[in-house]
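Take a look at this one chain, the form predicted on its own, written out in structure tokens.
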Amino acid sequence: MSGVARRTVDVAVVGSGPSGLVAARRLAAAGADVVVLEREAAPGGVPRHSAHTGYGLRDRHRLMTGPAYAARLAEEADAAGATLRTEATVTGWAGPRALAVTSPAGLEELDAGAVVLATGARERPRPARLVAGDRPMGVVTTGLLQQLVHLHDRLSASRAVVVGAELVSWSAVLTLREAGCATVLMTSEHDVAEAPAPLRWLGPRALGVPLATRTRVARILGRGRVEGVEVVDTRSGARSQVACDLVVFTGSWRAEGELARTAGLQVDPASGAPVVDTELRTSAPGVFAAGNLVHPVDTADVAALGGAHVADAVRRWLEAPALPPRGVALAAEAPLAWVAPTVLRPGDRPPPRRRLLAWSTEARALAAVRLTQDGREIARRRLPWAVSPGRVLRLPAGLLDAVDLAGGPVRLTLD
């Protein structure tokens, strides 16, 4: 195609969140020519506009604010020799491992020895949740809220309703508080709010936020601007109205998997994530996936550790490209919505942090995880913690020791 620049690199990393930056740093430090493609104006992903603390505990063994954490990861990737290109949007594929890129410099095709997809996850917006009403101004997700407050200083609202009660929902409350906007209601459809028990107890008391479980926002009120919401009690069906000028939809995550789909990769329909094995290989040779694209969604430090894990697999691929051996599928069954990784192969390493990650659609105070294969139970373990529909469920990879890698698919569920 005329006017399209072409370049060849060892590794193209799509996305500059924690997983992408850590993968890029490790690969560049090992001598690979690495380019990171980021559509935003600055690298760092979601942490760069999450001003609260809580980042870096598992990977850096210290607590940092989101912007400091994002800046440190970007500085380290750059110092290792990775090329960080911002305002560079991957619009599609020009070959099995070739990316079509649009940037202020024009059109480009980047042909890579390996591609790492690290595009993260997104919250489902209002249309995907089928909330009735007109389309007034003042309806946002947590990500957009944080960008408006921390990057653009452009929030004009005084009373907000937060839909969801996950960890990220309380992050939204803190962002609203910093912007001088009161949270007049937090709603959750579940019997118990999704956040961890200490936060469920402390949050409403310390921040003065009314928390209503077994409720859902059924309608947005207002035309030009949000004027309120209609809330339904899911037990009684009773309806009430709450005045507000901002509605924040939080949680309800889905993988940002458009590139995976357009590449024809095998995708988990429940999460939208590309299917990966424990080395984080996708179904296409030389294409890998990491971070919250694979498990929508876990904490930033877990995503970063996944970036370190995938870097080692990419390095081995670059040294000796070869198709992996046949694998055994691992599938989630209700009440689990998804599990990651989803393919087990002979000779592969355990998954990142030696953990399987899963997501439950139900709360369980007491539960056991159960694996079955070829019609028989092969492993069962009682969980020492409660299961929540708003938090990723981390399971020990030792559960996989009983899997017959020459057998049929493995099914994972909760009892």
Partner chain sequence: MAEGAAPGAATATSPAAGGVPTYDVAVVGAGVVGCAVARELAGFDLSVALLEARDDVGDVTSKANTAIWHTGFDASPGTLEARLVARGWQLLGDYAEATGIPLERTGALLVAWDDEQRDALPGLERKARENGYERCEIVDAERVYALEPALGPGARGGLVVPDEGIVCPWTTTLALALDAQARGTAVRLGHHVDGVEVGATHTRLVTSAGPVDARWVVGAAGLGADHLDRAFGHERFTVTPRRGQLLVFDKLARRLVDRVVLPVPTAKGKGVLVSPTVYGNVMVGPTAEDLADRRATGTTEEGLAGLLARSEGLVPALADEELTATYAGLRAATEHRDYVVEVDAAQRYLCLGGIRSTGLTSSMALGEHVAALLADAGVELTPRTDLPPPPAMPPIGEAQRRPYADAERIAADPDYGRVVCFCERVTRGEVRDALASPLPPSDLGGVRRRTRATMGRCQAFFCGAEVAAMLVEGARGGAR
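Positions refer to the first chain, counted from 1. Just so we're clear, the structure is a prediction, and the values are computed from it rather than from any experiment.
Absent from the display: the form predicted together with its partner chain. The rest refers to it.
Considering its partner chain in the predicted bound form, the lone stretch of 146 to 154, 180 to 188, 202 to 210, 337 to 345 in range is 146 to 154 [heavy atom distance within 4.5 Å]. At least one heavy atom of R39 is located within 4.5 Å of its partner chain in the predicted bound form. Remark: R122 counts among the residues lining its partner chain in the predicted bound form, judged by a heavy atom distance of 4.5 Å or less. In the predicted bound form, T262 approaches its partner chain with a heavy atom inside 4.5 Å. At a distance threshold of 4.5 angstroms between non-hydrogen atoms, E258 is in contact with its partner chain in the predicted bound form. Site residues T89, S103 and W253 are all in contact with its partner chain in the predicted bound form, judged by any heavy atom within 4.5 Å.
With the partner removed from view, the residue among E230, E75, D233, D111 that has a non-hydrogen atom within 4.5 Å of its partner chain in the predicted bound form turns out to be E230. None of P325, P269, P321, G95 but one reaches within 4.5 angstroms of its partner chain in the predicted bound form through a heavy atom, and that residue is P269.
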